[in-house]
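In structure tokens, the next block holds one chain alone, the form predicted on its own.
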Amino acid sequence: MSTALKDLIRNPTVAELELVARYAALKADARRERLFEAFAQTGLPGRRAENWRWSDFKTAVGQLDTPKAPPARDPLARDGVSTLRFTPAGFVAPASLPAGLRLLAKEDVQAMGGAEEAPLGALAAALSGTVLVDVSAGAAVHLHMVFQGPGAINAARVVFLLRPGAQLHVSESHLGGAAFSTALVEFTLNKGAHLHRTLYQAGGADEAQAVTALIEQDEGAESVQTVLALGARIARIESRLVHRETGSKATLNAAYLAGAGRHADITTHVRHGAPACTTRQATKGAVLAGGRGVFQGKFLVPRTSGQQTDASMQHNALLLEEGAEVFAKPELEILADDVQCAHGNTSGALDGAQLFYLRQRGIPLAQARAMLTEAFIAEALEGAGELEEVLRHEAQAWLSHVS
């Protein structure tokens, strides 16, 4: 690595110096250098960057020592579904793969578009090889991915190509165990392809986690994404989606539950780069004292390519106790004139009348709070299909433990 590249990070922290050392130990590659340079322009992002001012990784990520606590358990694992595992030691492929799916693990680095806009995704790509997953035209495939420690750094990159008419049901469990975990997951949906993505995230009070998804959709493609995030010392689930051709549809739903010492950030950016595309987004959150929830969502509708866009964005949060924090920034940048776009944002406490109603029927206060909170976030989990009940069970367990 050149001295000039190393010096791009101004006043590097201990963690950033460790990341530089990790990069320097890897095989030299021009594409790897470009990716690390995209990260190094900001280093670990923090308050000085507008899109990171509420999720300060530079301050939160300290010395990269293996956490004492073990990784969280995996609630999404199922019998009969092939599992890809990503650990600090590397990638582990399953013994067998479903019909219609091909997998290639490469040490070579692949180029990444828009790396400067997703610095932690660029870092994941720079520090890891690439796992390429090809879903054949017309195939219907189920796949599970697990990202977990133990270790200091867990960096991974997975690139999916969904051929015309393919259907991919992919579940992801981001379970921590490493001091710093960063994963980049990319999806290209060809004409008429369908993606169903379900993501579960849970990390420890001394862990940092970042999950970056890049999704590009062609004509008639459709994606449904459902996220349940329990946070970590700092955790960010970022999705950047582009409608590339007419008739593309996307649903981006998420729920976050942040207890004391936990930070959960849901960030999305959707570009309506073709006419007559549809986006639906619903995010629900509940936060306890000492916890922080962050929502940032943006719809970009260009003047010429974004005509006949149909898009809506909603974020609603509950502050369950004094001392809970929620920061929200929903945005619409609309340059076209033939569109239907809307957004909404609310935050507040549980309804006192509803609590009183349940208490009058003999339900203890803690149980009443848990019931109302679960009902509040349930809408955001409905798109998970067969995994909806699993996610709701995890939410129930969190609520019963903290209520």
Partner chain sequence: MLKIENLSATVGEGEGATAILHGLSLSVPTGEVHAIMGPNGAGKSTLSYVLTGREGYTVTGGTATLNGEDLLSLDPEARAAKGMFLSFQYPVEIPGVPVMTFVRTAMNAQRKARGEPEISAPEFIKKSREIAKVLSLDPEMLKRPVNVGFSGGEKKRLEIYQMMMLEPRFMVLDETDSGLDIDALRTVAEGVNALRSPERGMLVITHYQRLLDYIKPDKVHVLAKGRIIKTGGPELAHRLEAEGYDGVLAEAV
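Positions refer to the first chain, counted from 1. This structure is a prediction, so every number in the text was calculated from the model and none was measured.
What follows is about the form predicted together with its partner chain, which we do not show.
**Q** Any chance all of 87, 94 and 103 sit within 4.5 Å of its partner chain in the predicted bound form, going by non-hydrogen atoms?
**A** Zero of three within 4.5 Å in the predicted bound form.
**Q** Applying a 4.5 Å heavy atom distance criterion, does residue 372 contact its partner chain in the predicted bound form?
**A** Yes - in the predicted bound form, heavy atoms of residue 372 and its partner chain come within 4.5 Å of each other.
**Q** Considering non-hydrogen atoms and a 4.5 Å limit, does its partner chain approach residue 361 in the predicted bound form?
**A** Looking in the predicted bound form, residue contacts with its partner chain include residue 361, since a heavy atom lies within 4.5 Å.
**Q** Would residue 367 count as touching its partner chain in the predicted bound form under a 4.5 Å heavy atom rule?
**A** Answer yes; at least one heavy atom of residue 367 falls within 4.5 Å of its partner chain in the predicted bound form.
**Q** I'd like to know if residue 30 sits close to its partner chain in the predicted bound form, meaning any non-hydrogen atom pair within 4.5 angstroms.
**A** No, residue 30 is distant from the partner.
**Q** Can you work out which of 59, 66, 354, 63 has a heavy atom no more than 4.5 Å from its partner chain in the predicted bound form?
**A** Selected residue: 354.
**Q** Exactly one stretch in 66-74, 22-30, 35-43, 372-380 has heavy atoms within 4.5 Å of its partner chain in the predicted bound form; which is it?
**A** Heavy-atom contact with the partner occurs in 372-380.
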